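Look below for two forms of one protein chain, each set out as structure tokens: first structure 1, then structure 2.
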Structure 1
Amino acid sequence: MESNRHAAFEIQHEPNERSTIQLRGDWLLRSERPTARQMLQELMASDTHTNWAFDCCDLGAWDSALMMTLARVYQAGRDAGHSIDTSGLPDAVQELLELSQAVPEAAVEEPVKSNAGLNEKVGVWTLDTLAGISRYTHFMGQLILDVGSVLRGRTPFRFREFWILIQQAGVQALPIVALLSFLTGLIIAFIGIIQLQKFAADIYVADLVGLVMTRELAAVMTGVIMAGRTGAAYAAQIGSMRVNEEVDALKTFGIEPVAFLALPRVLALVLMMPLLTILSNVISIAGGMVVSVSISSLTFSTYINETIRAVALTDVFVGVFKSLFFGVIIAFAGCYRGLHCGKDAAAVGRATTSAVVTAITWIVIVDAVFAVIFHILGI
């Protein structure tokens, strides 16, 4: 393989106010070469030599490395009012240089930097927040109205698609919900039993796992899993439909997208969340039981009896009741973000992320609110 010749240039200041730029060697991106700045410094050193020309007798191989240098030198020379003779350059270089100079630089307006003070920023933030709340409220109101519209038969409700949505939100979510619930129960029991053994109170690990899972964690864990799985899928599905103009197509037929797309998804998730939560309760208690029986003197029957004694039906009801709201939150966030998604692929990604973050945030907030309410009610 032939080795590269070192790229170099030399400026010949001639008596007739002409500077000739002699290019030598191989001007390639992969090799070292002089910069346009170095070339310009030498060229501009003479005030009297305002005619520039090129000599390429010793120029070897070249690529865009030469072109970017020449384009910069050419532009700077023209800006300084010099006359530049490019006839000494290879024909292809001349053509590319001409092409690069064919369209003048666009006068793109710089984005206006905001000089807003704190008060104005707070005001803008407040207005944006209020507008967001208004959009959310409108979406929620529309969803409620659409239930009536579907019941009156004014809006089509596709049961075949509804069953598919139920399958996606229910049966297909079973394995992941079961696995994570089992592991959660297992972890709580493992940590709990180590502490309880210090007080010879191993038996209460059943109480710990049973109460924590049924009242709180089964619903919250299932909610988080479904937000990441189904809520994100809803945002992506509906967002893609927006990008592909499918939502616009619905509107042109007078079909309300909220009723047609969001309502079945909300209903599917509201129906499936309590069932998944009940499953999570059972599996997580089983997970706790496995670890408790394995590392302590507890037996299966002791563990089950203690769980039955400790966990009241009310505790199960509390978790399942909350899961209904979590289902609404997840489906609502997914559908809302999907329907308000932009019209490019990146916007679908943003909508998906936003749907998951929104859903998880609201699940935690609503769970905290319920904790206070149930405490006040003595449940």
Structure 2
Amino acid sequence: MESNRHAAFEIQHEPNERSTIQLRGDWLLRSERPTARQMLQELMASDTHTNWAFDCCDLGAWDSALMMTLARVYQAGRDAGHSIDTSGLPDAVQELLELSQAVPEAAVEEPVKSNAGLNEKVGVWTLDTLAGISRYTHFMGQLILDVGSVLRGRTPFRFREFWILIQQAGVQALPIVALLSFLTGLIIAFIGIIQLQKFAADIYVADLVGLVMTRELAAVMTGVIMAGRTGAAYAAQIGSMRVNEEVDALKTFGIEPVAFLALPRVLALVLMMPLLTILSNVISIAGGMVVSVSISSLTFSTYINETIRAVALTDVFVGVFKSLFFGVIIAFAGCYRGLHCGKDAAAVGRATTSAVVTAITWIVIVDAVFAVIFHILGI
């Protein structure tokens, strides 16, 4: 008979198709003990015994060493279809075994096999597209409901963080927007004035820069910059919170993640985009003026007067109006991808990339749609 201090086990195969595992001695990490493989080999020796039970009458001290062994035996028995009775184990061990089985396995999407037929691939793509549209619609609806809840005072709004987001999306974005706007106006003016000089029409370079920037490029370019800068940051920030299970913690405390994380970011970017677009208009026109005065006979006053004559307030309002929608698109894409990214480090990178690509794609599409609408309306 084994000493009470040495870990050991014995399998009793009973005639009623029941195998009892008798545990003896001290099952401690610092001492030698039988392995789960040894226990399973003896248990599997009789294929007819489908019911397993435990007997701990002679069990001494134990720690996680016992738990690791029993957890492997328990899982292997369950996978093999055996019925396992844990009532003979100490209460603490039973609770830990139940807890170890309570966490479900992570769901892994099965990739489409390379040898799948065309119909199968089209079907999978269609189902994924419909599921994506459903998630987008749910997110948008939740965002709209949260806006109404904030306006009615039912959901607290964190103004302190909101002003920080305003600063990040506005003031801190001014240098990059100003630099690229100046260079864009400079390039358009340089290319335009070389062609216009052939017809002695240097003066119309002011019309070209002013109209192109105010109606189209200022809003689009600012949107692309903010998609790569702020939209990506939103996706990375929220995605990292999801990986660290901070989003799950918010849900546990009864806090809606969309209202807590997405809504302030969407409002901040929507408010800042028109201001950044107006700044882009002014800086780009100044860049065009620098080139025009430098390489032609135009003067500063002539260029400014021609710009005022060519560019109407309607043109400015068109660009500013579109920038509001671009701000919604950028913030929406960033927050959505962040909240729906996976829970590993690689998923954050994929979410960030997807947010930028999605935002830029929809900015171009929406700009084209507005161009057709404004043409039909004669604006």
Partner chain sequence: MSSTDIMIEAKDLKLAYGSFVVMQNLNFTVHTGEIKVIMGGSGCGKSTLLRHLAGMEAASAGEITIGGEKVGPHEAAMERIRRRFGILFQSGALWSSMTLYENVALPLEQYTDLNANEIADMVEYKLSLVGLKGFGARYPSELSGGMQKRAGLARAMALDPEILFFDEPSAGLDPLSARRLDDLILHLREALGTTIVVVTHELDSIFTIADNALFLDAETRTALAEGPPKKLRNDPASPERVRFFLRRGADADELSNPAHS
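These numbers were taken from a predicted model, which means no experiment stands behind them. The first residue in the sequence of structure 1 is number 1, and each one after it adds one. For the two forms, the rigid core is made up of the largest set of C-alpha atoms that agree within 1.5 Å on superposition.
- Message: Between the pair I just shared, point out the form predicted on its own.
- Response: Looking at both, the form predicted on its own is number 2.
- Query: Is residue 21 one of the residues whose C-alpha moves 2 Å or more between structures 1 and 2 after the core fit?
  - Reply: After core superposition, the displacement of the residue 21 C-alpha between structures 1 and 2 reaches the 2 Å mark, so yes.
- Is_shifted residue 55 between structures 1 and 2 (CA, 2 Å cut-off, rigid core): Yes; that C-alpha moves by at least 2 Å between structures 1 and 2.
- Message: Is residue 11 displaced by at least 2 Å at its C-alpha between structures 1 and 2 when the rigid core is overlaid?
- Response: Yes, the C-alpha position differs by at least 2 Å between structures 1 and 2.
- Task: Any chance you could measure the C-alpha shift of residue 32 between structures 1 and 2 with the core superposed, in Å?
- Result: Once the two forms are fitted on their core, the shift reads 43.7 Å.
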